[in-house]
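Okay, so here's just one chain, in structure tokens, the form predicted on its own.
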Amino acid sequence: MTAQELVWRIAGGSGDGIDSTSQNFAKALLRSGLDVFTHRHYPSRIRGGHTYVEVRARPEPVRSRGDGYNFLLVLGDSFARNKREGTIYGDERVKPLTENLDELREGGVVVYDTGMLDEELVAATDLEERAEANDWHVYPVDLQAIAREHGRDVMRNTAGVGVTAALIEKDLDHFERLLEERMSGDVLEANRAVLRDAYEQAEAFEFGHDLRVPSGDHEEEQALLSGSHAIAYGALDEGCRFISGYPMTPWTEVFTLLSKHLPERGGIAEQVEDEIAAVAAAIGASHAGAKAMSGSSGGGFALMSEALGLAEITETPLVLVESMRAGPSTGMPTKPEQSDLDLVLYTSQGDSNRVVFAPSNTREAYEQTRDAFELAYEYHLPALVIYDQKLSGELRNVPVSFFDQEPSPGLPNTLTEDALDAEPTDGRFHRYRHEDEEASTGVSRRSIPGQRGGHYLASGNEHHPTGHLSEDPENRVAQVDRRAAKLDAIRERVDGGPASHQTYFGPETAEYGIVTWGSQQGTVREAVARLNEEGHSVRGVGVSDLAPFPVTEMTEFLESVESALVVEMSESAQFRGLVQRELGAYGDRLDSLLKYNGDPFEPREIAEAFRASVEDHEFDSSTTTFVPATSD
């Protein structure tokens, strides 16, 4: 049993307060000086069902959920709506116990509520035999009775935290302070009594385990936030003042956060009837001079396809968020997957002119959302931020000073009325001017409706420089080339320059590579560190610039290694396909590791696949698929 980290999993039914309890637990550990990382699992059901959250805490930076966990708190009964054995959902009374044991590490700790799981029910499981075989330490506690004595049943979660604190020998100061911040009056006193009583009862156990929470120290104040928080805050700081959307998991979290904070800043948030109306409203707001944003998930984003093309041909700045979940159709809406990549890159009509970023963590989510606004409004095109349910829901700590960055409310490449007066035109504003190519960037500066001298037509049809419909072949070619030139300019800015968002880790002279994108980067990074400690020579890269693709950077990376393993959460290897398509080669050097069962990767899975890739060992896994290299 390691004392270097605690990976605490709380399991129960939806409605047991699993989410709020885990957040408070994570905050308490964060305030005690540890770095924290959470992983959230919940069922794709409106109400009820087994759910759990993990909190990983250690003194060093935490970049992934890790491999398994070492402390299980079972509240019991995932809302026993169907208690018959053999039904489609199984016996939900014991699911929070039985469905979590496979990933519990050797020597781990189990606490379960005897008020919810009686002896007969537990005896029917194989807990006792498995505990003996795996050196697990089991502590049955009547959490329900403690909660009832001081308050109500629902306080079983507070009792569970009290027992946990005692078993890892952590004092209650931070936990009590969090209760005081969230509650008051009789509710606070009842929860405080439950916490202390549970702690004292657990202290009476003769501890058989050696798991104790490590100590830590932060040099500066930390904030605990998710990828959804970071995207919302990045949009606010970059001057976003309009958002329109329709609820859809997991995009809803960004929409809800901005709906709460925009009105405080003079902005507008609109929930409309569907995603078609949402993206159209955002295009209209941006056309009128506001920094605007919309987004959705899966099928909702698919509905935005046609309007995305409208933003491209009218050259209307727009930021869209696509929060991926397992598809197709409704699929598994609360499970992570990276299989919307092709949808985001290629949906809509004709030749596309769009920017796509894929942040890997909360810091990148904040920064790349700001960059998406910057590029959208500087180059007058749509910029998309694609991420997944994993990054959306996981909480990580970030120094508060990270957010001490200047706001950016401006509208670049927008003419003032004085500048419009000086425009060399025939009396009409040439919004889509291509004659003199103001710059090799392809950007033709715009006006805002209502400005003197800035009148023009905005249409989904191909148009003359003034916006009037035109099918003149020469004009058509000139307009298409000018719009495409924006991507060429952005590609030059991205490739190898300070604007690049790729992250490299491991020795620069490594023999082998691992390539990934989006939310899997932290897990790959941990696997790369582990492999190098074992004596392998491995370097990793996490790609965030998906369009325009960082051709130069990726070519240099793949030329520097003998072969590379591409890690992604999809069955069809969409990201590997993107790499080969953009680079036009390297198919004979790229193996794939794919996962699409609804759970994100663990570091050990990547390390095992790497060994199979470079050492030609057999690959045996029930959760991941290894696809060897093929010729181009």
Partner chain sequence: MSVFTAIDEDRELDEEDFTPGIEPQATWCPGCGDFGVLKALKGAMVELGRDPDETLLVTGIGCSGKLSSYFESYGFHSIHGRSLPVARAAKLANPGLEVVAAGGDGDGYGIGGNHFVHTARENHDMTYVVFNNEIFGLTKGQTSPTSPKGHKSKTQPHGSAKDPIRPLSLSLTGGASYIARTAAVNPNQAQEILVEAIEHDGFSHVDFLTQCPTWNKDAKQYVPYVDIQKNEEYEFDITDRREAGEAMYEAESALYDGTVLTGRFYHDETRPSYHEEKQSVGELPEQPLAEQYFDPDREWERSLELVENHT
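Please read these numbers as outputs of a predicted model, since none were measured by experiment. Residue numbers count along the first chain shown, from 1.
Note that the form predicted in complex with the partner chain isn't included here; everything after this is about it.
The partner chain is not shown here, and in the predicted bound form it never comes within 4.5 Å of any heavy atom of L188. In the predicted bound form, no heavy atom of N134 sits within 4.5 Å of the partner chain. Looking at Q502, you'd find every heavy atom of it more than 4.5 angstroms from the partner chain in the predicted bound form. Among residues of the shown chain, G266 is one whose heavy atoms approach the partner chain to within 4.5 Å in the predicted bound form.
Of the stretches 247-255, 111-119, 450-458, 293-301, only 450-458 has residues with a heavy atom within 4.5 Å of the partner chain in the predicted bound form. Contact annotation for the candidate site: F37, P61 and E103 all lie away from the partner chain in the predicted bound form (no heavy atom within 4.5 Å). Interface residue among H287, R196, R445, R93 relative to the partner chain in the predicted bound form, by the heavy atom within 4.5 Å criterion: H287. Here is the short version: of P473, G535, P407, P424, the single residue with a heavy atom within 4.5 Å of the partner chain in the predicted bound form is P407. Within 4.5 angstroms of the partner chain in the predicted bound form, the stretch 310-327 places a non-hydrogen atom from each of L310, T314, T316, taken in sequence order.
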